[in-house]
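Take a look at this one chain, the form predicted on its own, written out in structure tokens.
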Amino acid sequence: MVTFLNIVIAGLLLGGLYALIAMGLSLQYGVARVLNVSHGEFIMLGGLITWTLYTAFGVNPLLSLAICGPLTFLLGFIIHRTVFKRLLTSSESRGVFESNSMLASFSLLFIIQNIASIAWGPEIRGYSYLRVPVNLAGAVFGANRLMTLGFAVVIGVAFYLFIARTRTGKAIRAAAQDPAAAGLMGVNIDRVLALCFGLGAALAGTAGMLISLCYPVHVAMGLEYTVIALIVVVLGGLGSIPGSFIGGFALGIIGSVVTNIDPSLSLIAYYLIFVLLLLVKPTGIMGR
């Protein structure tokens, strides 16, 4: 029972982080049609900003949420308005835009990573916060890990409700289904696309803050999380926010089971799932 609880709770912890990361990428691709290869760099920024605020200024990492989220949102919003909007205007078709935007996001990956390397250096950074052990029926976890899981679930559910219930969320869903028709109905498409890219970056930055509570962070960490986000997005269904939420937790549980057997096999298992999904069910769990 203790082993089972260890696997399940550790899987839920990973799954909550994966869900947040994938929801952001799913929003960027499902609505803005940008396969953002630099998505993981916003995660890295969120983690390193949180580390800096805590170690240099004593800011509580949980309060950093109110800083990392808006900062990464603003950065993502500006990037879309200055880079991807121009690419969309100059591209001959949607397919050409998707190709050009993916190439541009590769450039962003290296630009952000190199600027972060200048600012923070290549060292691995970490801090200790709320590492008090909590006993759950014999399974022992740090309070920081359980808090991370709680925050990830609350933020994920709140974001889903925002998309499903608010007027802005309705505009986002309309832009995802048919941008031309949504524009004719009065939706400011350019603003909605930039908003979606910014919200995706904000979710990534928030996930980076939560990751820093439990794991060390460094400037080269982004690409691994980008790959995981892509796998979760495919698992849940391209463009599906609920699918990304469910897929994140599913992949987290699978990763926890594999890690319990052999930690070195976790990434191999993720890539294998990715290939099998593309072959067997490319639409994912909730894709159409």
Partner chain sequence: MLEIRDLCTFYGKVQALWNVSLQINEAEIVALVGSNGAGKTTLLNTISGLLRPASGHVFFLGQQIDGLPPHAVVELGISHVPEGGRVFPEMTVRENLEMGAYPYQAWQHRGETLEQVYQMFPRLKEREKQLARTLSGGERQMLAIGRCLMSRPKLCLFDEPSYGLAPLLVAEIFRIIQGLRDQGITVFLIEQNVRRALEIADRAYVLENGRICMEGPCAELLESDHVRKAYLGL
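Numbering follows the first chain given and starts at 1. Keep in mind the model is a prediction, meaning the values are calculated, not measured.
Unshown form predicted in complex with the partner chain; subsequent notes refer to it.
- In the predicted complex, the partner chain sits within 4.5 Å of a heavy atom of residue 174.
- Among residues of the shown chain, residue 187 is one whose heavy atoms approach the partner chain to within 4.5 Å in the predicted complex.
- When contacts are judged by a 4.5 Å heavy atom cut-off, residue 131 does not count as touching the partner chain in the predicted complex.
- Taking the partner from the other structure, the partner chain in the predicted complex has a heavy atom within 4.5 Å of a heavy atom of residue 178.
- Remark: of stretches 109 to 117, 70 to 78, 197 to 205, 161 to 169, the one touching the partner chain in the predicted complex is 161 to 169 (heavy atom within 4.5 Å).
- Though the partner chain is absent from this view, in the predicted complex it lies within 4.5 Å of a heavy atom of just one residue from 193, 214, 217, 182, which is 182.
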